[in-house]
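Given as structure tokens, the chain that follows is alone and in the form predicted on its own.
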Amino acid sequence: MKALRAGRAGRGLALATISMAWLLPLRAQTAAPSAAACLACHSQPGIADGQGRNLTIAPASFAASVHGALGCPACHADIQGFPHKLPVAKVDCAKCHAGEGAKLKTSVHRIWRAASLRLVMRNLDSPACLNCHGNPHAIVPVNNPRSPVYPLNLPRTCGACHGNPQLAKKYGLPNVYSMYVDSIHGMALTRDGLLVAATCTSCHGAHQILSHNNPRSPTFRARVPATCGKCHAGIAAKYLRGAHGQALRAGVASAPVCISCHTAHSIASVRTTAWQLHTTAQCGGCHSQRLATYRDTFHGQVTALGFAVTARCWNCHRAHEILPASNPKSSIAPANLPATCGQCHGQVPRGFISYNPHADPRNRRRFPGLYYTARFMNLLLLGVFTFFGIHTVLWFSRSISERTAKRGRT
């Protein structure tokens, strides 16, 4: 009996072994392939699909990528054996990167892509993610200098579209790439290699890039000071204490913000002569009456001649913490005028600061003495020119008549 049972058990084990041996090939056909199995074909050069896209994968690049440790099935879950079916299902990055995918859905990139931006993309069928992050089989961390979104490489990556003349013409967009590269931020990054310099994502964000007309966008007008303040914290604090910042907080839509004076992309160094000569016209864009009276002064006329060393708006009013004269902390408050004027003129007497740099000789109500003095001077000047004009005409006529009479006598 024991021998019979042992014989039956032996035959069962033999049958199970035979069955497993027969099923192993089937299992290899249906199980998810390993990366090594995929690379056995995809590491060969010259592999392409029906649309001409290169399907060759460099094993070393894939192994060093952020996806290398995950293997191929992590993204290509539809591939379950060899030979696999074609076409391969499109990879959805949001399955793993859910947060980034949700942000991308509301971004201008996804909205434009859904419209007709496909025409200018490098790879029409690739997810929008790859246009920024590069080859999906060689993606490295964002802090890797080889990454297309590493700070030193990011402007060039964004510039592939935002520096494209055809795209700019089609959608009426400015060439912001060239503007940025020539700006103080761009030069600090590309020329000096400063990783702390502002890049595209510093202001616009990385995935949820919204239109500047969207109130949730960091580039929305009312939010610009907070966006710039992430780097320029001290300047932002001064701005918010000043008249411009207070007006913005009060809901005045026309209140100047950072880009009103510095622009959005073509930001120049404020230490250059070209910038300093331009500041009066910049302020005059809003304060036209003040600009007109400034140009009547010695300071304004010297500025018009191109001299850099002379007082301009920000020398007296400050650049960011601009306060009215009624505020004791203002640089133009009566008690602070000696120090303000003394920046250029040294120790100044009390009578010196009584000078009004914005006195308007055309405003009779506010400046009656100046108004009538200017009118008198204009009338005096007109009288002098009229008198000497008549005198010159009479003298010339007399000279002609005397010459004619002299010729008649000879």
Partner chain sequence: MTPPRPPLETSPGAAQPAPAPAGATPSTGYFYRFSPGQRLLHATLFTTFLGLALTGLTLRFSEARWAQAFAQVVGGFRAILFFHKSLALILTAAFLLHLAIILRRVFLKREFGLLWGPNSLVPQPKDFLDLGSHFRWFLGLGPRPRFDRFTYWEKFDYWAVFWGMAVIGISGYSMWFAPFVSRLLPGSWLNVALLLHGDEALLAAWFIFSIHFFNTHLRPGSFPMDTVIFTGRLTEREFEEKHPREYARLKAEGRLADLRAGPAQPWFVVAGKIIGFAAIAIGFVLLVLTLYSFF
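Here the structure is a predicted model, which is why all the values come from computation and not from measurement. Positions refer to the first chain, counted from 1.
Just so you know, the form predicted in complex with the partner chain exists too; it's not on screen, but the next bit is about it.
- Here the marked residues T157, V176 and W275 all miss the partner chain in the predicted complex; none has a heavy atom within 4.5 angstroms.
- Contact annotation for N378: at least one heavy atom lies within 4.5 Å of the partner chain in the predicted complex.
- Taking non-hydrogen atoms only, L240 never approaches the partner chain to within 4.5 angstroms in the predicted complex.
- Within 4.5 Å of any heavy atom of the partner chain in the predicted complex lies no heavy atom of N54.
- The partner chain in the predicted complex comes within 4.5 Å of no heavy atom belonging to A37.
- Checking T219, N315, T190, T297 for any heavy atom within 4.5 Å of the partner chain in the predicted complex turns up a single hit: T297.
- V302 is the sole member of L194, C132, V302, C93 with a non-hydrogen atom lying within 4.5 angstroms of the partner chain in the predicted complex.
- Only one listed stretch (281-289, 318-326, 305-313, 159-167) carries heavy atoms within 4.5 Å of the partner chain in the predicted complex, and that stretch is 305-313.
- Contacts between 364-390 and the partner chain, taken as any heavy atom within 4.5 Å in the predicted complex, involve G369, L370, T373, A374, F376, M377, N378, L380, L381, V384, F385, F387, F388, G389, I390.
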